[in-house]
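Okay, so here's just one chain, in structure tokens, the form predicted alone.
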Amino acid sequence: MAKAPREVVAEINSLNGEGQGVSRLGERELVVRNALPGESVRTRILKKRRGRLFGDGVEVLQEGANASRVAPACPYFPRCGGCSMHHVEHGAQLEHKQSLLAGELEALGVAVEAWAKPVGATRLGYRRKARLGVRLVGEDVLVGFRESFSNRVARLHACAVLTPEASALLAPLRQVLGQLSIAAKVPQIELAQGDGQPVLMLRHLEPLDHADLARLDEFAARHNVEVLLQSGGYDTLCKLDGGAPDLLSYALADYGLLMRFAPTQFTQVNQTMNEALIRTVIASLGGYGSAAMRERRVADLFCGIGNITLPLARAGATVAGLELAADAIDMARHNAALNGLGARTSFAVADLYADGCTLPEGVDTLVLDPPRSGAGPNLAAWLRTFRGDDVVYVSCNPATFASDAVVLKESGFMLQRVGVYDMFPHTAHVETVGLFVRRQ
């Protein structure tokens, strides 16, 4: 007989960077999901890892004096690990995210001239991209995010943060996957969506037979979605008939732009927040159509498919986009031509982390939008040769934003204005836009 999980009463002291409660049990740190600072929570211990305990807050015995607890909008919270903060009032979520960023900056001695008000809008139905686990349990197929503190797949019939179109596919998708001859050999499904219906990328470890393909074809037709097969890496993606995948697209209506992208290429998951980020970047540099913007020569580093490059060009700037991924640069050029901005933009493949990587000549403004690892080892060298006064930094990681802010500070730039954007509501993910200005 399996041993029953141990239960303890935990006094929650703080929220960690993942939005989980933190307590102490003897000499060990105890991390508790579904818990808030100031609460006394009956906690079921689930596992121990690297000296830390992890538990499930199953009952709040005493709420904190300034409790921000709300009823979760998702019936699968907190077991599903896709979100960690459904129990936190939205304003308090934004405050927590700002506090995470502020803590990182303060710890490294970076002063902030002004904080922008945290920006949050759509709280549910926002997520356009996701990687979902798939697991066959008996005759039942599970499709969903991993459970908290576990590698098990959560049993989802719907998802409150996926777009309505994507969420509606989960139940029928479970059914059709269970009918496949290789149901046990499908480890994951990836979702990608532009302004239309989602695309499903089905990873399969063994070949599908004709009956499998027919079932998937019928599913795709019934639900008006594209199903792509992935037998290996992304280069193996193909339609059910073997053809190449179609491009997806999204509009940036403020700038009259249509952005195309391949299902596997990086795009922001939350289009409302993406548009808010872009508006902030352009406002920071003088505003759409301003004289200051028309005079700018911008280097957009880590430019991807041109998500920020092309709005900057439409706003009046001349922009050079650099990015390591050759397919993203090809798509950026395609999007520039599609939107009539070829004359105001240029793009080049560049490993921005490689020794000796330099800035394009003649630029007077930097826009950085790096991955979680930050701007990389060349930032200090770029700033030594850079003659402009403005650097706009878009970040998805407070820790690397703060460490790069130190480099900017040591190079003579002050953090004039910074704010957080709620790209992933109900998670602890922090998206940041900061404007650094050269000290006079």
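Don't overthink the numbering: it's just position in the shown sequence, from 1. Since this is a predicted model, take the numbers as computed values, not measurements.
Below, we turn to the form predicted in complex with a small molecule, even though it does not appear here.
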Could you confirm whether residue 302 comes within 4.5 Å of the small molecule in the model of the complex, counting heavy atoms only? yes
Classify residue 352 as contacting or not contacting the small molecule in the model of the complex by the rule of any non-hydrogen atom within 4.5 angstroms, answering yes or no. yes
According to a 4.5 angstroms non-hydrogen atom cut-off, is residue 308 in contact with the small molecule in the model of the complex? yes
May I ask you to check whether residue 369 falls inside a 4.5 Å heavy atom distance of the small molecule in the model of the complex? yes
Exactly one stretch in 323-331, 175-183, 122-130, 161-169 has heavy atoms within 4.5 Å of the small molecule in the model of the complex; which is it? 323-331
Taking the small molecule in the model of the complex as the reference, which of 115, 266, 288, 234 has a non-hydrogen atom within 4.5 Å? 266
